[in-house]
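Just the one chain here, the form predicted alone, laid out as structure tokens.
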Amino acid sequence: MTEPIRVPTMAEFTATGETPEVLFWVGCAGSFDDRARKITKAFVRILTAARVKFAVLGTEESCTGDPARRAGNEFLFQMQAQNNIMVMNGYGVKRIVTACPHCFNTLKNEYPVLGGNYEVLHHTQFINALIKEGRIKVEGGSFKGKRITFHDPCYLGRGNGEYEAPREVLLKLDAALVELKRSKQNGLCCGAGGAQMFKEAEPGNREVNIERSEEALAASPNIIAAGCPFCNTMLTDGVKHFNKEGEVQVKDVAESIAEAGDP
């Protein structure tokens, strides 16, 4: 699809007196990281194809505060969170979807105590619902015969107990879904969680993302599926470390569905 897709803001919806079905929380990675922006665009294509009435906050969206809190700066977290809550409550936001498990966890579990009470969905949960409701159709043609393995993001899986939605979505592709040696509740972190993404590695004999990528490659996949922009970066770096980028792709679940359904 080459035509640009227009993404409306909450401010524009409010100006017309309308209310969107869902607020798409883009997140810092999805807004500013070149690789993660491709995930954002893929998810927007899916929302548009499903005729979901959605909006973003645009320049009114700030970091959820997750990295600040994980790094120990509680004061900064409180400032960022309270500002976001003020903005969203001002618009009467009820339902949020995000492609970042870190944003998902913070908005869902840490904002309520500060006055931000919303129904928060990870994008794989939302895509799964759209498929079940028949709002989008997935044709897995280009994925036929390929092997896909899914890496569970910590904040989606062990943090919030969601293991099935991404797998149910991936099973709609005409491919073989193979599990990693350590998956679901026994999954291994990609190495980026807990604000580790933004600091130098601590002393040790091996990087976490190298070990996780080696496990993923041992499953002989054509595609390593991710559901988190941080995991995507760490696994992509790991695949490059083993010089396998020509053979194995790292794709977000939304990218594969957008490609298969060709919304």
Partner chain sequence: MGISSIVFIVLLVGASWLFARNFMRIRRNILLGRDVTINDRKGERWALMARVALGQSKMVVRPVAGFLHIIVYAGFVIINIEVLEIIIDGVFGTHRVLSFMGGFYDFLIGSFEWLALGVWVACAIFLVRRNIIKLKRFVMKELDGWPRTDANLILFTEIALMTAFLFMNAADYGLRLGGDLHYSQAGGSFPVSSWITEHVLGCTKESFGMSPASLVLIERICWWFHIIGILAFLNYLVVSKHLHILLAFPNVWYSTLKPKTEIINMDRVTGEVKSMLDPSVQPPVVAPHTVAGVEMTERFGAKDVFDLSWKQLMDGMTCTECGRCTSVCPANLTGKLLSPRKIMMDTRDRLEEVGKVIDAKGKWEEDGKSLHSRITDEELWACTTCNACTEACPVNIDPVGIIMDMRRYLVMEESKTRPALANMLTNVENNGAPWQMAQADRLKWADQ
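This one's a predicted model, so the numbers in the text were calculated from it and none came from an experiment. Residue numbers count along the first chain shown, from 1.
Another form, the form predicted together with the partner chain, is not on view; read the next lines as being about it.
Taking the partner from elsewhere, residue 125 is found to have every heavy atom lying beyond 4.5 Å of the partner chain in the predicted complex. At the 4.5 Å threshold, heavy atoms of residue 30 reach the partner chain in the predicted complex.
Proximity of residue 116 to the partner chain in the predicted complex falls outside the 4.5 Å heavy atom cutoff. The closest heavy atom approach of residue 237 to the partner chain in the predicted complex falls outside 4.5 Å. The candidate spot formed by 9, 74 and 82 lies fully in contact with the partner chain in the predicted complex, as each residue has a heavy atom within 4.5 Å of it. A single residue from the set 179, 139, 110, 164 has any heavy atom within 4.5 angstroms of the partner chain in the predicted complex; that residue is 110. The partner is not drawn, yet in the predicted complex one stretch among 117-125, 150-158, 171-179, 131-139 has residues with heavy atoms inside 4.5 Å of the partner chain: 150-158. With contact defined as any non-hydrogen atom lying within 4.5 angstroms of the partner chain in the predicted complex, the contacting residues in 203-218 are 203, 204, 205, 206, 207, 208, 211, given in sequence order.
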